[in-house]
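In the form predicted on its own, a lone chain appears below as structure tokens.
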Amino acid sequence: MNKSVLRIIVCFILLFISDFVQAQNEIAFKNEGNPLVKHMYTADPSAHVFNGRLYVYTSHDEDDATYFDMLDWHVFSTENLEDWTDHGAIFSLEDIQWANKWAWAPDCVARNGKYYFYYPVERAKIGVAVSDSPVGPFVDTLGKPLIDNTGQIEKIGKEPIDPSVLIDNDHAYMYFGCREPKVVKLSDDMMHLNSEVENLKINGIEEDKEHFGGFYGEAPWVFKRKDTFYLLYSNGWGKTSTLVYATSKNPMGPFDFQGEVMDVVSSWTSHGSIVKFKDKWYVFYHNRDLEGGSNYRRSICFDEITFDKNGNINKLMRNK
């Protein structure tokens, strides 16, 4: 047996073992109303449709959390919004050689036949991991941060967190930032920057304060509907903060503030995503309503949203 044949056999064996281990970690569950995931604490949902199936990538609050000391990331998937699978921890701090704390809000996109998982760590860096499958395993192929504000805070921002990626007309854009919204183009290989980091301009929020109106807090998420780009984000941290949005005809902005996406929920952090699935639109977000929940032990939720004839989001009203 020559070496090339042996190498192929070893690869198949390793792939089989990886798939077997992953399958052993999977948990099937039913959607029984919000919060969606009831067997663990989850936050910061990033929802995408890949090959007709909906995947929701999340951070993972620990059961005894008293701060945002998260260690790994999960993904949940469904074909019908009723039957769901928790695919287990798909990536963790243990898989990263250059970071050791704060596994915060992630995102994942598909391109070039692969899946690219973007994650913030240490409140200062953003990394990217790669997989052949939307449920991993993901590998930190780059071996270093994609974004690092060390020595360049003025350019990158004080807190480059919450990455989200949009692919439009074969161009990839990454949005990120706490209090300072940023945007940068990504290269075709999705693992390098293809432009300078730019400030993301939002018009109509100049006088708005934290927890009010269109103040930019964190959690940028951009999606496209028809010919309009929608920027979803949080307007702060507190009892009156919620998810709001702005619109633009250009993915690089500037964006014009429009209003609130939904009523305030119980968690004083807001982080969400909006996705189209089977011809309907859904907003994913988190609250603290699961038993034992707190501002550091959150749980993902989702609801259908609609748009008016002018493309404005009809505010999601919740029973209080």
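The first residue of the shown sequence is 1; numbering continues from there. Predicted model only: the values in this text are computed from it and were never measured.
Here the subject shifts to the form predicted together with a small molecule, a form of this protein not shown in this document.
task = Please pick, from Leu231, Val128, Cys108, Ala105, the one residue with any non-hydrogen atom lying within 4.5 angstroms of the small molecule in the predicted bound form.
result = Residue within 4.5 Å of the partner: Ala105.
inquiry  = Exactly one residue in Val261, Val265, Ala47, Met70 has a non-hydrogen atom within 4.5 Å of the small molecule in the predicted bound form; which is it?
reply    = Only one listed residue qualifies here, and that residue is Met70.
ask   = Based on heavy atom distances of at most 4.5 Å to the small molecule in the predicted bound form, which listed stretch, 28-36, 49-57, 252-260, 267-275, is the contact stretch?
value = That would be 267-275.
query = Taking heavy atoms only, is Ala219 within 4.5 angstroms of the small molecule in the predicted bound form?
reply = Heavy-atom contact with the small molecule at 4.5 Å: present for Ala219.
message = Check Val165 for me: does it contact the small molecule in the predicted bound form (non-hydrogen atoms, 4.5 angstroms)?
response = Taking the distances in the predicted bound form, the answer for Val165 is no, it never comes within 4.5 Å of the small molecule.
ask   = According to a 4.5 angstroms non-hydrogen atom cut-off, is Ile161 in contact with the small molecule in the predicted bound form?
value = Answer yes; at least one heavy atom of Ile161 falls within 4.5 Å of the small molecule in the predicted bound form.
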